[in-house]
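Two separate entries follow, structure 1 and structure 2, each one form of the same protein chain as structure tokens.
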Structure 1
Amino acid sequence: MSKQQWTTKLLIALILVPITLFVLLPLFWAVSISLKFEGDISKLPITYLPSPATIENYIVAWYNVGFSHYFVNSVVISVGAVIFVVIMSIMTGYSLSRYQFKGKGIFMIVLLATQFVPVAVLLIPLFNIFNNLNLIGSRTSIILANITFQLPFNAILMRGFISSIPLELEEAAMIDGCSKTESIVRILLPILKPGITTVAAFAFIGCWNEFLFSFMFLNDPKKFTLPIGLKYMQGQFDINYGALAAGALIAMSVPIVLFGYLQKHLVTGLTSGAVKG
């Protein structure tokens, strides 16, 4: 390896190492606090490692605070919304990719423009709509709200994935006797798997982290999601930092595991949707 290559690698390392430490330090501190006894968290001098360590904070967060219910609610809401977002994104993306129709460009601009609309602007209209439908206080209202805000971006994303797949593959399947629907199901969808994985992952993370809709539309503590549960752990006069850190790590665990498991598919999906084939 030449001297210039060594110098380049050294410079990259000097840049990436501080950034990595900056990103991982808060996570390390949260893990450390979650494993400490309550009296050791604010004790001076500061100890960076728990000694002794305890899982009591996780037990308190999961059973006493109610994170077992919050976790299930977040999973139900996120999975329910993602299923509809993926299906509707495929349908919308396919239409935008394969068909030419009047107003197509304007429609795509409108889809993209919805990403600039603040969530808070639509809280009152959505609240009135869901209230008239008797959905306030139900998880259905959160699922519908999540679908509304996750669909436009993911539909545009799915269009890019579908555009990267040659139309000739579907036409060849139809020449061999497949109907339009069969060509999509048997030919397009298997090739589109990385794109579907990417869209599902982005939609899931968006739904999992959603706070404002759940905070405004849910009034039963048994239906709270994880972000709402974390918010109510911060009392007016007292905060159990150990349990709060444990709850935050529980909430982070699913996205971390999801991205770790789907990392290869996400990279494939993003690159395949970047260029039209």
Structure 2
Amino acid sequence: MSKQQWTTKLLIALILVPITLFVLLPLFWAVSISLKFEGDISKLPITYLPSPATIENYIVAWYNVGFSHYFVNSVVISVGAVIFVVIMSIMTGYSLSRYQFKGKGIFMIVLLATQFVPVAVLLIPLFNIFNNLNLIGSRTSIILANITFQLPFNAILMRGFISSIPLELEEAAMIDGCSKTESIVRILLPILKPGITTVAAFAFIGCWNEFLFSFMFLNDPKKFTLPIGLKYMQGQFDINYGALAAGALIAMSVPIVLFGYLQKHLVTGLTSGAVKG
């Protein structure tokens, strides 16, 4: 190998080794704590690895702390919102991709501008609105808030996917006697499947991670989502760190799996002109 190639390898290693360790460090520590016995966690000197290991913390987190409820609530809220987000972003994306109409440019700017709206600013007025609708404390309020915040970004994303499918396919179906709606459902949707799953995964991660509205609008621990459960545990006087670590790992299992799927579409998503953190 030439000297040039060696320096390249060295530079790559100098960048990627520390970064990889940096990313893995919190995960390693959470796994280690989650597998320790309660008495061993703060026993001095602190041990890096659990010995002996136990899965008790996972059982405590799931059954006693209430992560079984939190998990189900997160699933219900996320699935509920994602269904609406997918349907509405197909409709919106289709309109934006296939038609020229008055006000389209402004509508696109509005969709983009929504991404600049800070969630914290909306806490107070949305609290009022949901209070008037008698929805405070309900999972419905969180589903509605999630739909509102996930829709604009995903509609723009979906528009891109629909634009990549030739219009001629639908036109051919319509010549064969399909109505417009039939041609969308029978011809477009099956081809659009990868786009739909991508949008669904993006929206699901967004809903799964939503925190502020749930924190302000939900007050019954039986209705808490996973982020609220994690925050709630850390607010208690006597924190059970083992169960907290186990709870965090339970909460991250779903987005990590979805991330594995999404990875190849991340770039399309992040560069489609929307703010997505």
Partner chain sequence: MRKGTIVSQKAAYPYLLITPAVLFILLFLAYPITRVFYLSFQHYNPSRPFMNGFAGWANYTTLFQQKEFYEAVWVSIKWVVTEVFLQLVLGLLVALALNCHFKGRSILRTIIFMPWALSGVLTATLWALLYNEHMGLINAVLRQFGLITKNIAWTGNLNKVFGAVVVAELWRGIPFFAISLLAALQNIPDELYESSDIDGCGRFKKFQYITLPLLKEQIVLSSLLRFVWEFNSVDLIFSLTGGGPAGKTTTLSILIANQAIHTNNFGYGSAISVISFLFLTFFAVFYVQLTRFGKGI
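None of the values given here were measured: they were computed from a predicted structure. Each residue is numbered by where it sits in the sequence of structure 1, with counting from 1. For the two forms, the rigid core is made up of the largest set of C-alpha atoms that agree within 1.5 Å on superposition.
Structure 2, not structure 1, represents the form predicted together with its partner chain. The rigid-core alignment places the CA of Ile55 less than 2 Å apart between structure 1 and structure 2. Core-superposed comparison between structure 1 and structure 2: the Cα of Lys43 travels 2 Å or more.
If you overlay the core, the Cα of Thr7 moves by 8.1 Å between structure 1 and structure 2. Relative to the superposed rigid core, Leu16 shifts its CA by 4.1 Å between structure 1 and structure 2.
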